[in-house]
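As structure tokens, one chain now follows by itself in the form predicted alone.
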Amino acid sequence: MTDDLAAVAALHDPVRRVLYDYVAAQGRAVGRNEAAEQAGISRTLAAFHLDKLAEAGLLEVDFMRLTEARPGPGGGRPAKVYRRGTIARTVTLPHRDYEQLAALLAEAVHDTAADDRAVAAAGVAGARLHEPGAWLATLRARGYEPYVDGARVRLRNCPFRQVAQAQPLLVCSMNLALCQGIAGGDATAELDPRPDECCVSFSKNKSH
């Protein structure tokens, strides 16, 4: 069994799926008590499943103080906490490699100075996906994981992360055009890169 298949198989357990989805949605470290409360299970059972997810590489483990207790002797030990893993997992049977193809095409587009046409095509593709008032649902369905941060809507996940790392200027410009097309008149998309998140964020238009 490949590492990717083993990792995905770890999510077959419904309790682990609930725990993984919760930790992934927070965008921060989550302790065992918090995860157990959200899943409606005991702390011991939550710890068992969280560690299984970490062994599969789906979560990353760290230790930190979760209370305001003073550091040093008598301040309490750091708690074990979990974040979503950064390694992307892909399972296709039989094997397919669309990521490699996308990287090659992005390189070819850039080399032939066809960036503007690619960005325009992305905007058209996004506009085809636009449904007035449903842009957040569309982004969620396409894996962007939108969340509200004050007056802005940010995207916790970049679906094009691997290709964007190889061709950031082209792919991020295409992604911006795609996102603006999806949002339509409901929101304005801007390039707003943040560590480990999508490079696009939105401001909602006042009429929506």
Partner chain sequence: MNLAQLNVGRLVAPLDAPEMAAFVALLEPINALADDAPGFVWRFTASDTDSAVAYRHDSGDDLLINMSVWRTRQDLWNYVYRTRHLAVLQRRREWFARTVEVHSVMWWVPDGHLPTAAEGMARLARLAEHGPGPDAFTFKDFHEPSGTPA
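Quick caveat, the model's predicted, so the values are computed rather than measured. Positions refer to the first chain, counted from 1.
The next section is about a form of this same protein that is not shown, the form predicted together with the partner chain.
- The partner chain in the predicted complex comes within 4.5 Å of no heavy atom belonging to residue 131.
- Mapping the unseen interface onto this chain, residue 169 counts among the residues with a heavy atom inside 4.5 Å of the partner chain in the predicted complex.
- Contact check for residue 86: every heavy atom lies farther than 4.5 Å from the partner chain in the predicted complex.
- At a distance threshold of 4.5 angstroms between non-hydrogen atoms, residue 185 is out of contact with the partner chain in the predicted complex.
- The stretch in contact with the partner chain in the predicted complex, judged by heavy atoms within 4.5 Å, is 171-179, chosen from 57-65, 171-179, 140-148, 33-41.
- Site residues 112, 193 and 197 are all in contact with the partner chain in the predicted complex, judged by any heavy atom within 4.5 Å.
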